[in-house]
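The data below hold one chain only, encoded as structure tokens and taken in the form predicted on its own.
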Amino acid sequence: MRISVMSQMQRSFSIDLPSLIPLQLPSRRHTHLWYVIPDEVKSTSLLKRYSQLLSQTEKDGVDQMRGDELKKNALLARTLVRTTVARYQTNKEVDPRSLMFKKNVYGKPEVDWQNCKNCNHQPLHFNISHTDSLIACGVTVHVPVGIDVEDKERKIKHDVLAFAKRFYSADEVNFLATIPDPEAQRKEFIKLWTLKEAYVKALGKGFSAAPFNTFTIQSIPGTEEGYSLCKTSEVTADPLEETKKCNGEWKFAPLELADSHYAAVCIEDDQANEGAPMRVIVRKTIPFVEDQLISERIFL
């Protein structure tokens, strides 16, 4: 389903941009994932208008990027965050420019609701991830969210297993070692990376505070796309016992976006969810121009 807004707006900005189409906040068990493809945003005038949404600090950050492509992607990333968060202020219209942000002690960005003009405090969490060719933003309520996107064609300069031994747990390395085809092994390495990165970002502490080799992501027996997290000290030789120890605190959703990227979503499974499945709704957007519903799926 596509929603187009003002077909002529990319040619003229003598009037203000139209309002964002408001959305209800996700339920506790829902994650909304929005993504934009930079190559599809071609209008110079639209990019200039996006720049007007940013704070001076954000503009300075964009200007410090080297090269037009990096500047464009940085601009789109900040625009995607501002327009995505602004959509969910359903009780009153909020200008994306009015949003203010802060960072937690580990550097993870958050909305600074207390200093946001005309904003009601919302239990909303967001996280952003990007490559050169895709930028994504995930949104949840009440529970932290982490997302990661990686290009399917990402190259690994070194031997996959040698590289995995530097970052992954012993159990994950052993899993990769069972895959004889080098290309299939490379793809599984990237998929696993997205899941681990999403968890670290949901945790909100960064890589240095949660090194990849201190935990294991493993598939849940009897499911096609179910994953659980184990601390490395909790992994046992018995698969059934291992699963019992590892399930519960975090939920994972592996995804593919635009036929070109692997992605993963991780949320904390708080007590209010009572172990219910996670529903992930994916939308593609060019902010203020077009929104498209891509998929809606349930993950255990």
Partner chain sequence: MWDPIATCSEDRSGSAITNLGHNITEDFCLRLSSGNGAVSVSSALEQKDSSSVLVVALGLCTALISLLLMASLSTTSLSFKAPSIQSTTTRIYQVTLKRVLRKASSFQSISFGRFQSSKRLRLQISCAAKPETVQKVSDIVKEQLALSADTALTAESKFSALGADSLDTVEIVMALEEKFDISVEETDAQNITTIQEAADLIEDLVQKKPAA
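All values reported here derive from a predicted model rather than from experimental measurement. Positions refer to the first chain, counted from 1.
Below, we refer to the form predicted in complex with the partner chain, which is not included among the displayed structures.
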Can you tell me which of 223 to 231, 96 to 104, 156 to 164, 176 to 184 lies within 4.5 Å of the partner chain in the predicted complex, counting heavy atoms only? 156 to 164
Using a 4.5 Å heavy atom cut-off, are 54, 286 and 291 all in contact with the partner chain in the predicted complex? no
126, 199, 88, 193 - the one with a heavy atom within 4.5 Å of the partner chain in the predicted complex: 193
Although the partner chain is absent from this view, report whether residue 44 comes within 4.5 Å of it in the predicted complex, heavy atoms only. no
Flag residue 133 as yes or no: does it have a non-hydrogen atom within 4.5 angstroms of any non-hydrogen atom of the partner chain in the predicted complex? no
4.5 Å heavy atom contact, residue 188 and the partner chain in the predicted complex: no
Although the partner isn't part of this model, could you tell me whether residue 109 comes within 4.5 Å of the partner chain in the predicted complex, counting any heavy atom of the residue? no
Could you list the residues in 210 to 229 that come within 4.5 Å of the partner chain in the predicted complex, counting only heavy atoms and keeping sequence order? 211, 212, 213
